[in-house]
Ligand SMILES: O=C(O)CCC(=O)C(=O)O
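In structure tokens, the next block holds one chain alone, the form predicted on its own.
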Amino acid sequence: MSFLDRIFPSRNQQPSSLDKKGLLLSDLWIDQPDAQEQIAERHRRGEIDDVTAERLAHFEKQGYVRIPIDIPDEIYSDLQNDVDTLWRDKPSDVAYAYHSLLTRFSDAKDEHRQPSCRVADLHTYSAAARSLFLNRQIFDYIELIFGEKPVATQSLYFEWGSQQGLHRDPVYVQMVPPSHLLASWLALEDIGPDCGPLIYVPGSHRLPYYPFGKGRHTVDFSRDSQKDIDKGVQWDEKHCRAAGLELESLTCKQGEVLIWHHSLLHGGSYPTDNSLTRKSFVVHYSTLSTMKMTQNSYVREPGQPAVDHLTCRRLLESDGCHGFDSPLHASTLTAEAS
């Protein structure tokens, strides 16, 4: 039995996470056949304004929405200062990944601070990052799409582009239920075409999933090989071509946010100018009523067994927005208290 199966026994009780069309089973209103009618009715009743109705309709049809938000200038500079301090001081309760599992910063190598590196849960270290993790303007849209109160589950900070292939979040990021997953991507600087911008395929959220097993949409690294993962990539490419869907890249100004549907294919392109950064902040969300804990796996310190599997129930709150502390930071607090 896997670690996730022990934490979430209900995973074993659901025979399939995919419907007959190969789509991820979803009880979200935005995934229902009458979603556009619901948007129009809410607009007619005055519950949402013209701009919000247009954005929700675009999200339902294309799988994403772009929104500008107001962020004080000092947040950007404070966050960058915090990142520089993080790499200098290398605390053990913050983690990063560079072509590896999450690794404690106490084991960080300076040469890993380069493209493809990501900092996990920076919001537990940086007040500036926490203000973005629990940003009221973004939460308002996440709540509209979910139809209920959300909870932020994790954050990722990128100094350069991820250079990650096209993928769907539920294949790797597991929520209960799986469809209760949204993500936001915030530009921390102006993003041009040469820095390896975010890429995505509008409309791909309505394409069938590759079945890694009978009705299984997730990668299980204990069972699935790289060949299986490559078949999934080929599956997605084939269905995009058949549907006539084309790849788009996101160029935008600092402070713009992209919110995407759980099943939207997205990734990171390769830069044409390696001197350019692509600073961004990503947050994943689920529903507060269903998400009771978060979990992550971390490389243990030298001389110990390979991996720590840590969970966290500790919630942070600001302006009515809720998000999880990182499992690594929460476990450190527990150890210090004892």
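Note that residue numbering follows the sequence shown and begins at 1. The structure displayed is predicted, hence computed values, not measured ones.
Keep in mind the form predicted together with the ligand is missing from the figure; the text below concerns it.
The three marked residues, 167, 260 and 280, each reach the ligand in the predicted bound form, with a heavy atom inside 4.5 Å. Checked against the ligand in the predicted bound form, the residues 80, 131, 162, 174 give one hit for a heavy atom within 4.5 Å, which is 162.
Note on the partner interface in the predicted bound form: the residue among 266, 180, 123, 205 having a heavy atom within 4.5 angstroms of the ligand is 266.
Among heavy atoms of residue 185, some come within 4.5 Å of the ligand in the predicted bound form. The ligand is not shown here, but in the predicted bound form it comes within 4.5 Å of a heavy atom of residue 198. The closest heavy atom approach of residue 145 to the ligand in the predicted bound form falls outside 4.5 Å.
The shortest heavy atom separation between residue 250 and the ligand in the predicted bound form exceeds 4.5 Å.
Heavy atoms within 4.5 Å of the ligand in the predicted bound form are found in one stretch of 288-296, 38-46, 267-275, 65-73, which is 267-275.
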